[in-house]
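Considered here are two forms of the same protein chain, supplied as structure tokens in two stand-alone entries, structure 1 and structure 2.
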Structure 1
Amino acid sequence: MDAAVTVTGLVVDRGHRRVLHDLAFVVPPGQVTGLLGPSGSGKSTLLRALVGVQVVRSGEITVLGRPAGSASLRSRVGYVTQAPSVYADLTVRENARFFASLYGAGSAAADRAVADVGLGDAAGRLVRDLSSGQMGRASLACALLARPEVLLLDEPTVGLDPVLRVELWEQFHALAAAGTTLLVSSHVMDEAGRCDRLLLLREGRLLADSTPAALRARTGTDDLEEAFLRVVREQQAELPA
């Protein structure tokens, strides 16, 4: 199958600082790919570049066969920012129905997405009165309702309790099973094990493009946190002092 996302030679500068250094990778369709790395490693910038709202210095990004940010991709690619980007002074339902109308999806699709993220009971509440975890899920619902073919999620599980986190990951895999391509960023390494594939990002460089199993085998440890550390040390050893 064709790749859902292909990135070659991607360089991004913000101000005078280089944030992404010559990235190249491929995201296979219908899988959950994890974008793992510490805070400040460039995950959000990469996701913004994929969705076409980031000024890029050089490189090529192809999403579903088209240049990132193409008008025709806007109804096919869903993007959920790290900070919940929903209207605090609207109810969950009003938010969902507004975004649904932008995608030409009906209010039934909006209400279903709200129920799918477990906010059915809170649908009539103002977003500003929700907990931060609920806000994040409201924001997620507004992307799900468009039934995107590619879903880019920036740290969607931050601040969620463990039960919700597991349920959300189950939902991601259900979406992938139905054909959606997901790229999920996280700085929590214990989430790496839940991904089909892993991209490890550190200081704007791609350290690994692998599967959890292959990464464990390569580094000789079952602990992915430890595996990440070993990959970092490997790279540092390779660099001339």
Structure 2
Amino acid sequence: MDAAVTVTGLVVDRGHRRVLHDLAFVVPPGQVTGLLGPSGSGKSTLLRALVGVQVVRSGEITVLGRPAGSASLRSRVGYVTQAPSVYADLTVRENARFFASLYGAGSAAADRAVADVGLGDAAGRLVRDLSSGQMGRASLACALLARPEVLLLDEPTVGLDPVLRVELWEQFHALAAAGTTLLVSSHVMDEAGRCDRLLLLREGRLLADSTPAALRARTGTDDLEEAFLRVVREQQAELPA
């Protein structure tokens, strides 16, 4: 497959405000693609569109060769939102084992998933007693149990300590090496260098679709945050006065 996700002419409006402006890009299979941009740039809206739960004004989205939201994709696409998607009155372990049973995996797989996201020591705690970052990791553990072909993660590393962020990114790349396609959103530009490919989004517009190396070469700087700022300035200079 040449592309895991293909987006053409995507436009999303909310009320009288345009949120996404004519986006077009391709997400290669088996890579970690970073969706980078400041808060409010449309990242979450785009991810919702990719799973077929966002009303769009126009455009086409295909995921694994099927229209986004197709019933056949439900077992093939994983989506971890910023809001926790686990049961607050169950422990981390109970949540993981419940979802494992739905996906035909065993309790051992559930326990491994919990450990993989750094929650082994908190496995017996109720989800409602966790921090927001821990809740997000519990949701991620449950999503991983489905072994999706495409995994969409909405700011999964927000609020995590640096060591755990590094460990999660290592896990993301391990999943990609095993064939999973990941699209990971973040507003932290220092995470851009951890991605195989980058989609830079600002105010609902796609500023760049590039690799980190190509973006550095294009902008003449090794600092990816500075590279993003230079791309923004380029866009502003091209706008009519």
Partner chain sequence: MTAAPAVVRPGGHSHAAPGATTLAVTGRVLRQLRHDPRTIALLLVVPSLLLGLMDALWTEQPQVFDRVGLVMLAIFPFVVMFLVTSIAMLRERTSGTLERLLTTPLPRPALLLGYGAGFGLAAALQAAVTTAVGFGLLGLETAGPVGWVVVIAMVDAVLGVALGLLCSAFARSEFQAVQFMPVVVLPQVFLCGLLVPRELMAGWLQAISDVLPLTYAVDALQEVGSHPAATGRMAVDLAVVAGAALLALVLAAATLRRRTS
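Remember, it's a predicted structure, so these values are computed and weren't measured experimentally. For the two forms, the rigid core is made up of the largest set of C-alpha atoms that agree within 1.5 Å on superposition. Reference numbering: structure 1, starting with residue 1.
Visitor: Choose the one of the two that is the form predicted together with its partner chain.
Guide: The chain shown as structure 1 is the form predicted together with its partner chain.
Visitor: So, superposing on the core, is the move of residue 100 at the CA at least 2 angstroms between structures 1 and 2?
Guide: Passes the 2 Å threshold, so yes.
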